[in-house]
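Take a look at this single chain, the form predicted alone, given in structure tokens.
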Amino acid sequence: MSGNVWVFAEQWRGRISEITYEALALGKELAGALQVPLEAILLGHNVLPLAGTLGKADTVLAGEHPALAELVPGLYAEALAALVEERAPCAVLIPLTNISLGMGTLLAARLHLPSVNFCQDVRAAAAGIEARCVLYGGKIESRVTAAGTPAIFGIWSGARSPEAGRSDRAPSVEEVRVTVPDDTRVRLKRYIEPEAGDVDITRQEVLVAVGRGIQSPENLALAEDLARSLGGAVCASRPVIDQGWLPLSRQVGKSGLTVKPKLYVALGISGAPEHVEGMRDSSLIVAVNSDPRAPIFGVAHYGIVGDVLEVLPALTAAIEARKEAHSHA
């Protein structure tokens, strides 16, 4: 197969996103199987110093332009399209985050190329490049073979370990000329920072997380009781936050906060990739869900299949009884 494997290096506020290193690890495997070089594509303004952190790639193609100071997906897609047409890679791996989401799809539409999203694996196969994708919050897995090259693959978080995509090696850097349209319809005016919450969940050693299974805001008291017994705080998945039952500062996941507590208790949370991305590095994960096939059990160290509203009081009672026993020992 002709053409190199490309990985788009997502950067924001002067830092390379963690998922970029996941994509680099995956891209290195694919490039090795195809016996072609791996190239990282770094676009932005004053981002050249970041190229040294992309040593997993054989070469970094770095393009600077003042209009690319902020990652606007449509604008970046146009800039990347010219490079794809000029150099014809065989595959372009683009991280899917709330920053760059949509960029790969726009790029594929602009160049009429095959596009596959939500990929957790991309491999060389006899019929071409095959992707393993997760759909419907991880409930369905599909395998898709791209219909031709270049092909655009949107890489979902969790594809590989970020550490596997890091390297102390200094890559060769080639500065490339990028062009951007003058009449872009979408412009980023400013970022609106969320208001500080009553609890900083990123600093908690114990978190009790609630999802749809909590059913109503009145049942949050059960989670609060468990969190109080464990000496932690309550947080939630996005559906609970969207209902207004807890403030945005308590949201865990791709569109919320990333947490790494010593203990993470997931109550009635299905385990969609968007949520798992924000809590998968917790030291110990305990999940309670009535669905034995819920994806959350795939990342949990311990699991309980049962009704959250029945299990919660029992857990709290057991913990309180254990604490009482220790206090009299």
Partner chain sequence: MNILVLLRMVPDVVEELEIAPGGKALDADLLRMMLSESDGHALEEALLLKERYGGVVTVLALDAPEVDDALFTALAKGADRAVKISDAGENPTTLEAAYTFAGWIAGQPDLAYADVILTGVQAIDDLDGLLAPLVAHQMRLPYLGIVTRLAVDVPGRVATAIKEYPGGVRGEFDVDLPAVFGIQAAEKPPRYVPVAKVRAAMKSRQIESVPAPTLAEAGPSLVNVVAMEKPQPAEWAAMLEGSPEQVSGKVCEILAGTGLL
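Positions refer to the first chain, counted from 1. Owing to the predicted nature of the structure, the values given are computational and were not obtained by experimental measurement.
Quick note: we don't show the form predicted together with its partner chain, though the next part is all about it.
Practice task
Could you spot which one of Asp168, Glu218, Asp242, Glu85 gets a heavy atom to within 4.5 Å of its partner chain in the predicted bound form?
Solution key: Checking each option against its partner chain in the predicted bound form, the one that comes within 4.5 Å is Asp242.
Problem - Proximity to its partner chain in the predicted bound form, single hit among Val259, Val116, Leu222, Val178 (heavy atom within 4.5 Å) - result: Here the answer is residue option Val116.
Practice task
Please state whether all three residues Arg15, Asn46 and Asp58 have a non-hydrogen atom within 4.5 angstroms of its partner chain in the predicted bound form.
Solution key: Verified in the predicted bound form; spot residues all out of contact, no.
Problem - Contact segment among 25-33, 60-68, 46-54, 259-267, judged by heavy atoms lying within 4.5 Å of its partner chain in the predicted bound form - result: The contacting stretch here is 259-267.
Problem - Contact label in the predicted bound form: Arg110 to its partner chain, heavy atom within 4.5 Å - result: Because a heavy atom of Arg110 falls inside 4.5 Å of its partner chain in the predicted bound form, the answer is yes.
Practice task
Determine whether any heavy atom of Leu106 comes within 4.5 Å of a heavy atom of its partner chain in the predicted bound form, and answer yes or no.
Solution key: Yes, Leu106 is a contact residue.
Problem - Pro73: touches its partner chain in the predicted bound form, heavy atom cutoff 4.5 angstroms - result: The answer is yes: Pro73 has a heavy atom within 4.5 Å of its partner chain.
Practice task
Spell out, yes or no, whether the shortest heavy atom distance between Arg185 and its partner chain in the predicted bound form is within 4.5 Å.
Solution key: Arg185 belongs to the contact set for its partner chain.
Exercise for the section: Output the sequence-ordered list of residues from 301-315 with at least one heavy atom within 4.5 Å of its partner chain in the predicted bound form. Expected result: Residues within 4.5 Å: His301, Tyr302, Gly303, Ile304, Val305, Glu310, Val311, Ala314, Leu315.
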